[in-house]
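Read the single chain below, which is given as structure tokens and is the form predicted on its own.
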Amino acid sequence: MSGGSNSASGSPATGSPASGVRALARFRAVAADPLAELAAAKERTGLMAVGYFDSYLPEELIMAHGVLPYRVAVTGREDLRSGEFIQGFACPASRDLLDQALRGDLVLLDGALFTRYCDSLRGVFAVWDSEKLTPYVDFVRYPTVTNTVSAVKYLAAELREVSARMAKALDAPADERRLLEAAAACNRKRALVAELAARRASRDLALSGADYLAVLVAATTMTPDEFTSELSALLAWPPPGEPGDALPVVLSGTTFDNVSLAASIEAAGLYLIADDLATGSRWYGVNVETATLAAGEGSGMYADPWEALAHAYLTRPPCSVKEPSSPRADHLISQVRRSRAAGVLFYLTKFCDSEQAEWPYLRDRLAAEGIPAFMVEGEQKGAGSGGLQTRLEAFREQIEMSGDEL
């Protein structure tokens, strides 16, 4: 489909086909070197920056203080420094984040926020705090059960308390107006990513899975307004391309920042047409709704923006560290159906106990729906081995031979 219209309004878009090419090049560059983007943003805005590590941490919380949010992406770089502090069998993604700080890569951060996400990240928080790896560090005590009214009340109160501590530590008080503006800005960018995903799933916009992952990394690295501007250009003027005869699959997992590995997966004849990732579809579906943001009072929205924020993040399709598990399975199956994918590729991060425990449940739910699923385990490093390529090619051949394409 040719470009030339604004994604939201359908009116003629400004720019030219070159705008979409430039936007994609920008996203690729940001994904290749997120820290360079952070440095540029700090220099341009003069603002402090606070890092976070999982998509359950509301970036709106950080923005309410007039501070830049920065999700620290997993680099996949080989390093052993973290082994001095945490076990070698801890999640490699968590070890990677700690290695970055110990190397001094994250000196641009004025603070770091952790959530009660998993045991490995909680261990990283303990080291981060004891070693003072950033001037400010704090911990959001997240509820494990997410589908209750009391969980919303609890998390809203916790976010307020963390906000008060952050204000004191950084001398940067929160402002409710900024919180509402942050929610609106983040809603806009997540909605645009959702549109990109929907257009890829409908074959209206051909963008490789690797480039789609680059967009996801950029979404939590760039400032929301800049990201929204660039993605609007890409949606209005998408570069031409076709997935060819590659087999469409849904990629499922936790955090997945490895663009090179995504390219290797697609080199095996698989097209990553949709996702069930903590930093992908389970993130961009978040929509913070408050009565203030809605058309008026009495809309059924939350009048308290902190409760609205808590509700939005608790009602997203849960990760394997949260309960219950059935909404994630429902979400994964809907991703397959909407994208007409031929199967699911489940990327299990090595030593991730929660994902390992949830995989059999997801596999059985998919099997009951007649959806082929295949699990590969790795450490999110490099582009994958030749053995991985062979296994992925075998998965494709298995689906093609069985005639189970959906």
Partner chain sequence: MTTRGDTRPTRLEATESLKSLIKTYYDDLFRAAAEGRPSVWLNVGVPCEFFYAMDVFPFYPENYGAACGAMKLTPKLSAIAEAHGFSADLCSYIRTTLGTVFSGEGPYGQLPRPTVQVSAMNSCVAIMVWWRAVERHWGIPTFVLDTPLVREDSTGINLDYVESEVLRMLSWVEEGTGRTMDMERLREVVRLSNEGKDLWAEVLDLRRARPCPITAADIFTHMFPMVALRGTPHYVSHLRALRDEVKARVDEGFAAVPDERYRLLWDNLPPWFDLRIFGDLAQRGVNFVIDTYTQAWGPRYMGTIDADNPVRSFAGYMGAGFLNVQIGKRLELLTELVRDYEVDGVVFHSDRSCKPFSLVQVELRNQLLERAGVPGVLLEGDHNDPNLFDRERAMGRLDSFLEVIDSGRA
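Residue numbers count along the first chain shown, from 1. Everything numeric in this text was worked out from a predicted model, so none of it was measured.
Same protein, other form: the form predicted together with its partner chain, not shown, and the subject of what follows.
Checklist entry - Which among 177-185, 258-266, 212-220, 325-333 is in contact with its partner chain in the predicted bound form, heavy atoms within 4.5 angstroms? => result It is 325-333 that comes within 4.5 Å of the partner.
Checklist entry - Might residue 123 be said to contact its partner chain in the predicted bound form, defining contact as any heavy atom within 4.5 Å? => result Residue 123: contacts its partner chain in the predicted bound form.
Item to check | residue 148 within 4.5 Å of its partner chain in the predicted bound form, heavy atoms | outcome: Contact check for residue 148: yes, within 4.5 Å of its partner chain in the predicted bound form.
Next on the checklist: Can you tell me if residue 358 lies within 4.5 angstroms of its partner chain in the predicted bound form, counting non-hydrogen atoms only?
Outcome noted: So residue 358 counts as contacting its partner chain.
Next on the checklist: Under a 4.5 Å heavy atom criterion, is residue 116 part of the interface with its partner chain in the predicted bound form?
Outcome noted: Contact with its partner chain, yes.
Checklist entry - Quick one: of 194, 108, 206, 86, which gets a non-hydrogen atom within 4.5 angstroms of its partner chain in the predicted bound form? => result Among 194, 108, 206, 86, a heavy atom within 4.5 Å of its partner chain in the predicted bound form occurs only for 86.
Checklist entry - Among 304, 129, 289, 226, which has any heavy atom within 4.5 Å of its partner chain in the predicted bound form? => result Checked against the cut-off, the match is 129.
Next on the checklist: Given a 4.5 Å distance limit between heavy atoms, list every residue of 138-166 close to its partner chain in the predicted bound form, or none if there are none.
Outcome noted: Stretch hits, in order: 138, 139, 141, 142, 143, 144, 145, 148, 150, 151, 154, 157, 158, 161.
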